[in-house]
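Presented as structure tokens, the chain that follows is alone, the form predicted on its own.
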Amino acid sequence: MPDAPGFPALHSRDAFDPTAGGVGTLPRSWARHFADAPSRSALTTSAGRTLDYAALDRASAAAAGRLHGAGLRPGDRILLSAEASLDLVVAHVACLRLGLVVVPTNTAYRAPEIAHVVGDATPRAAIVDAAERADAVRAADAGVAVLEPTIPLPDAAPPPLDVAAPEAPALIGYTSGTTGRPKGAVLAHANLLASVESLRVAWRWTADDHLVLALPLFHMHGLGVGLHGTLHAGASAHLLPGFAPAAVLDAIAATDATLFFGVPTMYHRLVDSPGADAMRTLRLCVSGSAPLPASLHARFEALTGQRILERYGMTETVMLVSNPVDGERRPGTVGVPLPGVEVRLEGSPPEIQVRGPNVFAGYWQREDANALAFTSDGWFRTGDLGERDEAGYLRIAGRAKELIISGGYNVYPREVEDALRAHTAIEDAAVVGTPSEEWGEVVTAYVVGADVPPLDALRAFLADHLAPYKRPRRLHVVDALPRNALGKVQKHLLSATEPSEASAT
């Protein structure tokens, strides 16, 4: 594999093979550990539940049998939306082993957001852990079978498992854009495997590693990196149902953890927490999903001795670029291309374009979007702008699109703007991201109208329409939105409109 154009080779390329020695898919990789290390711990929880690799094999095979007995077949889509738990992991592993196509869905989604995913992906079944999400799925399509994560169906013998082809679809991840509704990125089994094999090599991930996993399992960071990477390496993970600094620090101490993956918001809260120096014992701390402020990088290192490793990826590609494990980790950069990944900067301003075995082939039933997403010579247009520093490390300079990333979650402005305009007091609205040390960016609304309600009341109005992370945290009431001669809002001028302002904490 040639080095990516213009970037130094700082990650080990030792024996990198995107097929992981010919196994070709994640389920076949996991099957090696089921057979070779059955008694090795795979997953633990703070409630004392544990699964070794043999137990994960048995439980996922039984769950796959129940799903198959209910009529689900390879290629069928299945929506998964539940808090992190052993039951959810077993269900997810079962789905991939059976050849189903998993559609991870944010647990914060409201009925209109769930209805879009259901209508677009047309799943045959959904695994959810909350009544309101179950009701939303049924309302969107009464024909979808709704199940709890324990998959309470009659037992049935499973068909042959782990037989999906590498090119077969494994996962559809819905990702926000700046226009229209979220699109489903179709990732093949080979894409998922190539990405975690690249991370295994680059991050020196081994069976001796133990990850404290507090990230949600509907997000590529927690699912495609944390969970998939752990099981591919034959390592273990301690699952937390959500992020709380004290719970993370307790888990690190109790489990002799070696790894922690988080988003900048998590590190911001950890550095302000009593006992954060317990993270000194970790082998590696990784940050992603949003830019990590250099000041936070420095504060965290001073407190814990850890130089956070920042990396860059997308729903469409899983992981692309990372600071090195062995070598300088540069604050403010995301590093250099991972093994197997090629990156180039094209155009003015320079857009980050990528290709490699980890990169998806296209969006679900969106040929219009696919035509725009790839160059004529096969490179994926990330929509992000980049630059190389003097040592060849990549910096994310901004986004060609208007996507907002708040707390590691994607928010596209048009969806929020449409929801705001549904309020009778709001005549017009524009939404942008405002830099934040804690959140990376916060959703900021500029609205026009008489008697606009205060921010708290407006957030309450939006509660039935938008997930909490999409609701504005800052509100500006303005006389008019700045527009060009064609009527397009000039969002870069919004900060100069001298509005009244309210903020939410």
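Nothing here was measured: the structure is a model prediction, and the numbers come from that model. Position 1 is the first residue in the sequence shown; the rest follow in order.
One more form of this protein should be noted, the form predicted in complex with a small molecule, which is absent from this view; the next part is about it.
- Only one of the listed residues (P339, P413, G386, G313) places a non-hydrogen atom within 4.5 angstroms of the small molecule in the predicted bound form, and that residue is G313.
- Checked against the small molecule in the predicted bound form, the residues L420, V263, V354, A82 give one hit for a heavy atom within 4.5 Å, which is V263.
- Contact with the small molecule in the predicted bound form, judged as any non-hydrogen atom within 4.5 angstroms, is confined among 217 to 225, 370 to 378, 246 to 254, 204 to 212 to 217 to 225.
- Y393 falls outside the set of residues with a heavy atom inside 4.5 Å of the small molecule in the predicted bound form.
- Interface residue remark: W439 is counted as part of the site for the small molecule in the predicted bound form, having a heavy atom within 4.5 Å.
- A residue is said to contact a partner when one of its heavy atoms sits within 4.5 Å of a partner heavy atom; S406 meets this definition for the small molecule in the predicted bound form.
- Contact between R474 and the small molecule in the predicted bound form is not found at the 4.5 Å heavy atom cutoff.
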